[in-house]
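One chain comes next, on its own, written out as structure tokens in the form predicted alone.
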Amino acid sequence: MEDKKEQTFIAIKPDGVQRGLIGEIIKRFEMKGFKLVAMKMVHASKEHLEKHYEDLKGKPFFPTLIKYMSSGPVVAMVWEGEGVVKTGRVMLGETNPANSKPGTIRGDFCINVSKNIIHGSDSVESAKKEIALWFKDEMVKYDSCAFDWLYQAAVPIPTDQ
């Protein structure tokens, strides 16, 4: 069974912030059943973004990506729940919005790969790295009242009643 405390890093990019999609994106993750444990709005420095995207440094679009990501505020978040990394990626849709299905964030709100609204960790390992880069000791620990409704094993219903 996947870890119920698994965490992922999700960032609403400058175009998502400017277009007023913060609430809609948070709503989708909350409605799915994931728990928000950290969030902040930040205007990330070029140096911070270069570290975040260091695995893409050799790509021809790297300078444009850094310029775009530093062009306005970003909403950085940590979400927690069973399978949140994989499910979060499905909820985001494909990197290229043209390949994203309706019902996904990019499928519903994006038309261009260079302005694709949202970032999500692609693995548990990258989530840990990204969370450590964006958040120090800023995670809030709390018990969600929905936890048992989401994760408690189903109780068999007696058939003799």
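Here the structure is a predicted model, which is why all the values come from computation and not from measurement. Residue numbers here begin at 1 and follow the sequence given.
Only in words, not in the display: the form predicted in complex with inosine-5'-diphosphate (IDP), which the text now covers.
S.K.: I need the one stretch from 131-139, 35-43, 22-30, 62-70 whose residues put non-hydrogen atoms within 4.5 angstroms of inosine-5'-diphosphate (IDP) in the predicted bound form.
M.R.: Checking each option against the 4.5 Å cut-off leaves 62-70.
S.K.: Would residue 86 count as touching inosine-5'-diphosphate (IDP) in the predicted bound form under a 4.5 Å heavy atom rule?
M.R.: Residue 86: no contact with inosine-5'-diphosphate (IDP) in the predicted bound form.
S.K.: Within 4.5 Å, heavy atoms only: does residue 48 come near inosine-5'-diphosphate (IDP) in the predicted bound form?
M.R.: Flag for residue 48 set to no.
S.K.: Would you check, heavy atoms only and a 4.5 Å threshold, whether residue 113 touches inosine-5'-diphosphate (IDP) in the predicted bound form?
M.R.: Yes.
S.K.: Against inosine-5'-diphosphate (IDP) in the predicted bound form, would residue 124 count as a contact residue? Criterion: heavy atoms within 4.5 Å.
M.R.: Contact with inosine-5'-diphosphate (IDP), no.
S.K.: Using heavy atoms and a 4.5 Å cut-off, decide whether 13, 53 and 56 all contact inosine-5'-diphosphate (IDP) in the predicted bound form.
M.R.: Contact check passed for all of 13, 53 and 56.
S.K.: Any residue of 16-30 with a heavy atom within 4.5 Å of inosine-5'-diphosphate (IDP) in the predicted bound form counts; write them all down in order.
M.R.: Result: empty, none.
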